[in-house]
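Take a look at this single chain in C-alpha cells; it is the form predicted on its own.
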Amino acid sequence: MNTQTIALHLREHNLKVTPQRLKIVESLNTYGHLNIDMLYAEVQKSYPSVSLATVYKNIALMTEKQLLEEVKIPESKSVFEVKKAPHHHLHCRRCGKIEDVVIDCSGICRIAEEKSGYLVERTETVFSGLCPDCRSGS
C-alpha cells in the first residue's frame, strides 16, 4: 500500500489522516504483525518526538474503528495487524514469528453451536508451535 492508499483507507474508516497514523499503517503493512513496542520504535524512526501514549491512543482508535485488529498471542504481548479477510494465526514459540493461515473452521463452529446452543459469529485461533526454521535448528 502506498501513502495515498493508506490515507484513503484511513478516511474510509472515518479517521483523520495524520503522519503518525500513516506511519503505523505503513509499518503494519510492511511487517504484518507488530506489538505496541515495535510499532512505537517504527514510528519514532520518522517522528522522534512522538510519545508512547500517542501511539497507544492511535492504535486503540484504529482498532475501535476496525481498521486494525488485535491478535492476542498466548504468553506474549498482543500484536496488531491491518484488518483483512478472516484468518487465523501461527505463532512460533521459539523465535516469535507470526504468520497468517486461512483455514475453514465451519465444521468446528457447527459442532460448537450444536453442543452449546450458541451462534458462533467469529473465531480467533492462534496455533503455537515451532516454525520450519526453528524446527530445523537454523
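Note that the coordinates shown come from a computational prediction; the quantities given were computed from them, not determined experimentally. All residue numbers refer to positions in the sequence shown, first residue = 1.
The form predicted in complex with the DNA is left out here; the points below concern that form.
Put simply, of L52, I108, I103, A41 only one has a heavy atom within 4.5 Å of the DNA in the predicted complex, and it is L52. Note on contacts: among R94, K45, H87, K57, the single residue with a heavy atom within 4.5 Å of the DNA in the predicted complex is K57. Using a 4.5 Å cutoff between non-hydrogen atoms, N14 counts as a contact of the DNA in the predicted complex. Taking non-hydrogen atoms only, H9 never approaches the DNA to within 4.5 angstroms in the predicted complex.
Taking the partner from the other structure, the DNA in the predicted complex has a heavy atom within 4.5 Å of a heavy atom of T18.
None of 95-103, 26-34, 57-65, 109-117 except one has non-hydrogen atoms within 4.5 angstroms of the DNA in the predicted complex; the exception is 57-65.
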